[in-house]
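Quick heads-up: the structure tokens below are two forms of one chain, split into structure 1 and structure 2.
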Structure 1
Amino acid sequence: MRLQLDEYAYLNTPLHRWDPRYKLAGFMILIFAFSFVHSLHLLPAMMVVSGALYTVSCLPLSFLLARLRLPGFFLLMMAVLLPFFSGQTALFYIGPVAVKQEGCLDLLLISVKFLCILTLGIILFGTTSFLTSVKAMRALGLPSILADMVLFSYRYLYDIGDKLKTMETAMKLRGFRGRDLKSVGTLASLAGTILVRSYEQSDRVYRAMILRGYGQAGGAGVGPRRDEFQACPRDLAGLLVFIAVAVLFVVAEIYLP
């Protein structure tokens, strides 16, 4: 199975070698610190930190851009709405419509925070295999049922996507184009078929897991082994550096005008 988010997890960089538990904790602390920032003066520092970490990860730039494409539609909607409807101070006019200063600044803040936090998330899950990340979550205390739900949701998103592409190809071969309102009913039937097939497959997978001892003492899905991860002082030092950077952002946010 080839998972798209961790296709470069095999690289050998300090971030790839970092213990997944410390890496998960460090990146989450930094992400929360970024989300706490509201001062425009800290945006360049956030971009520098995110860019430096992405450079260290050695992930291709195309990898980042491809995964920013869909979330970028959210920014596009914000760019359309905020400059025109947020604030009172007019910067300039586009015909009869005023572009507001407060809206532009809000758009800048939201865009930079959004891109920096998303970049950190991509680095976090792009430098570790997704299965290892889930094991690290369980080692940090995430209930096993939630960890399994995360893993299966991620796994079967791609499986459902493959089925959807197969069905779309079959529909196109039969002359379906989907360019008018009459095709809404067909698309609704397609979504319903995908939903029913996904439910049936999840039921089959669950029954197969139960037969193999899932959820029982000594069976599969009990929890990670104690020797699953081996941390060293370097891993702890990396976590302390991330905590120090996060604290600097929080303190600067509190004391900057």
Structure 2
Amino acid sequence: MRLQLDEYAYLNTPLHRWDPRYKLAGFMILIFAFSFVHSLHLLPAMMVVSGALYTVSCLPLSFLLARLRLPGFFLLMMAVLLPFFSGQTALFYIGPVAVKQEGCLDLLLISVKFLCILTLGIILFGTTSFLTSVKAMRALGLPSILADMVLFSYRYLYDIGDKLKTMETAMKLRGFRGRDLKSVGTLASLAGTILVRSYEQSDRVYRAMILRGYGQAGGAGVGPRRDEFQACPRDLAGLLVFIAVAVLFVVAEIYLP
């Protein structure tokens, strides 16, 4: 279970160098502008913008493709449902079943929006280290309890994932097959053991953190230091460009037929 999101955060491109706070704001504004689009005429422009940003980010194409595998199932489900159940105008028939024109266009709109927004999300979190992204969110007003929880969960996600793998292997070696509903109880005990071990680990972690000053004034925490982020005019210019592009999409969506 190694799907590191920020493995290319060390690259040196304008998107990597952009102040994380401005980058977060700029990308989220553009992402919401994309979600506002319903006109098919704007889809090529959305693809051009996403493609250009992905090229500028210098992230490998394989990085994007590897992340499209899981959501691909959702698109497949849409592709099976929409063309047959949405709309009135029959394009052609597969046996007795009509493939509807409106359904195909709905599918095109949903798929392109989905892919473009996904690409922007991957660029946003792929060009900054995860810790820096969380600090940027904290600087933008994320409550400290949530920021702390995000970082701790991220830290232990892989650890607990590896524990689960080891325990599943141990169960298989003892002859557990888990092929019928009777095994639900055993699997519940497996999940319960994961929870109990995590609970006990959290207790040890908390004690260690208290010793290091967690929760005290000036103690350890994930909040950004005052001088952590220092924006220059170029960062602001980047944000203004993103806002301008987002506004263009919204205006075009409103005024295009």
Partner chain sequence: MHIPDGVLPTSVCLGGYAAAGAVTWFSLRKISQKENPREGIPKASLLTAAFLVASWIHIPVPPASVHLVLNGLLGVVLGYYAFPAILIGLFFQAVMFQHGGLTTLGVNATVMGVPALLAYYLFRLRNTFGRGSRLSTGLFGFLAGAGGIGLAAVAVFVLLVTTIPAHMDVEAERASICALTLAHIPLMIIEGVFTAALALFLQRVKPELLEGES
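This structure is a prediction, so every number in the text was calculated from the model and none was measured. Sequence positions of structure 1, starting at 1, serve as the residue numbers. Rigid core: the largest C-alpha set superposing within 1.5 Å between the two forms.
Matching the description of the form predicted on its own is structure 1; structure 2 comes from elsewhere. Once the rigid core is overlaid between structure 1 and structure 2, G161 counts among the residues whose Cα shifts by 2 Å or more. Relative to the superposed core, F152 shifts its CA atom by 2 Å or more between structure 1 and structure 2. In the core-superposed comparison between structure 1 and structure 2, M171 has its Cα shifted by at least 2 Å. Taking the core as reference, the C-alpha deviation of M209 between structure 1 and structure 2 is 3.3 Å.
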